[in-house]
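Next up: just one chain, as structure tokens, the form predicted on its own.
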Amino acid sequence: MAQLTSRERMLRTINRQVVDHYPCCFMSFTALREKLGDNLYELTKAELGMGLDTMLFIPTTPRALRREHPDLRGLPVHFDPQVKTTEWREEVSGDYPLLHKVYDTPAGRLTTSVRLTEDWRFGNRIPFVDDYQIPRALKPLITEPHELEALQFMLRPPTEADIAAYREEVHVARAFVESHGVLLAGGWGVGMDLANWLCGMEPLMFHMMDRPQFVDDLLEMIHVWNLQRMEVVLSAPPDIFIRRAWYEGCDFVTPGFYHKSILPRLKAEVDLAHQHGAKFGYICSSGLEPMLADHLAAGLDMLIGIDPVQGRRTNLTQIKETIGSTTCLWGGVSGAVTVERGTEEEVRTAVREAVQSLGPDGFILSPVDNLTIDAPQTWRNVDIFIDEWHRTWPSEPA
């Protein structure tokens, strides 16, 4: 068959149609993105220049401008104007200093404190939500059910200015993806990941056991907020909408809680994406096997981030056998362990095993989750990874 554009190849793979060869699209490539000044348009062009399939993610707001939510890509997060914040540093004799933050809202006060370890990256401030603060938090922001009323003032729908800025970018992004033949992606949706940021990982696990209604109420609040943001992003519409769900595997959530509290809301979000003509991708790289039936029930189009090394309960063959006939599988090789640190033979073997287990039909190859180390070994192994991808192309269309 004639050579497809990257967008055509990706969409046909997601739809389980015939392609010229299975695609390779990196989930995330921080080492390259940072070389390019955190510019996603330049990143997309650079990945195309490497022969990779790629996507443009909108909104393209760089991490440095997401001060309150560095790890939550997408639309800005705004508080109600009535919310006032106060931060101060406390010196501790013989230990790390502490940083405290107070949010005063019309429904009460929320507080959080973190230990300022040597590698703290935010100076004398605490973002609203972020992965980095979870292990350093002495007191998470949300600890009690009555605090949810105050949290409502922090999870506000997109403003008119946000919507106008997004629509402006959509025009630029549409012209770009059409001229370059690449996929347009939007997001992120979020569920338990945000709950973990707000409550802390270990406390949230105890809450799920001891106070499941508290967690369910929190997830409903997040879900409503998420739908408001989704409506804006899906108005483009993008080709695919992506939800980050790294903390929705069985490492963090029991299958019973997932089925009762996460699945119904996830399915509603999948349905909303489909109503707008977008495919729905779900990023979860560990703890997959007990949740696969619910992934099917939710109607996911793509399961993104399948990691055979760092992920637990991620048997590639079982995943393929259970959902691979209906769901596109994206990933297959550990980025941090294999691509950044492995030998040439380890990289080549991992690529071959990934395509044998997960592909070639309905499969998108990628390092999982990210390549972050800007070092000669990383770039050498990226070249090897791409070369082995070429070698595994079938002689006939998949």
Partner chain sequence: MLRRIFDHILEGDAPAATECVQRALADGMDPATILNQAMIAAMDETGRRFEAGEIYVPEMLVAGRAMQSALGALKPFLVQADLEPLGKVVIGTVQGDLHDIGKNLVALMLQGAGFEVIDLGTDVAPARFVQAVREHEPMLVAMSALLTTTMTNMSTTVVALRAAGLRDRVHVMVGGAPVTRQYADQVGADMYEPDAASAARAARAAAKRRPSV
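Because the structure is predicted, anything quoted here is derived from the model rather than measured. Positions refer to the first chain, counted from 1.
If you look for the form predicted in complex with the partner chain, you will not find it shown, but the lines that follow are about it.
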Task: Residue contact check: E160 to the partner chain in the predicted bound form, 4.5 Å heavy atom - done: no
Open item on the list: So, R341 and the partner chain: in the predicted bound form, are they within 4.5 Å at any heavy atom pair?
Closed with: yes
Open item on the list: My question is simply whether Y96 lines the interface with the partner chain in the predicted bound form - judged by any non-hydrogen atom within 4.5 Å.
Closed with: yes
- [ ] Decide whether T254 counts as a contact residue for the partner chain in the predicted bound form under a heavy atom distance cut-off of 4.5 Å.
- [x] yes
TODO: State yes only if every one of E149, I283 and T326 has a non-hydrogen atom within 4.5 Å of the partner chain in the predicted bound form; otherwise state no.
DONE: no
Task: Among 36-44, 331-339, 354-362, 23-31, the region lying within 4.5 Å of the partner chain in the predicted bound form by heavy atom distance - done: 331-339
Task: One residue of P212, G181, P145, P290 in contact with the partner chain, assessed in the predicted bound form (non-hydrogen atom, 4.5 angstroms) - done: P290
Task: Heavy atom within 4.5 Å of the partner chain in the predicted bound form - residue from R312, R109, K84, H171 - done: R312
- [ ] Could you list the residues in 193-207 that come within 4.5 Å of the partner chain in the predicted bound form, counting only heavy atoms and keeping sequence order?
- [x] M201, E202, M205, F206
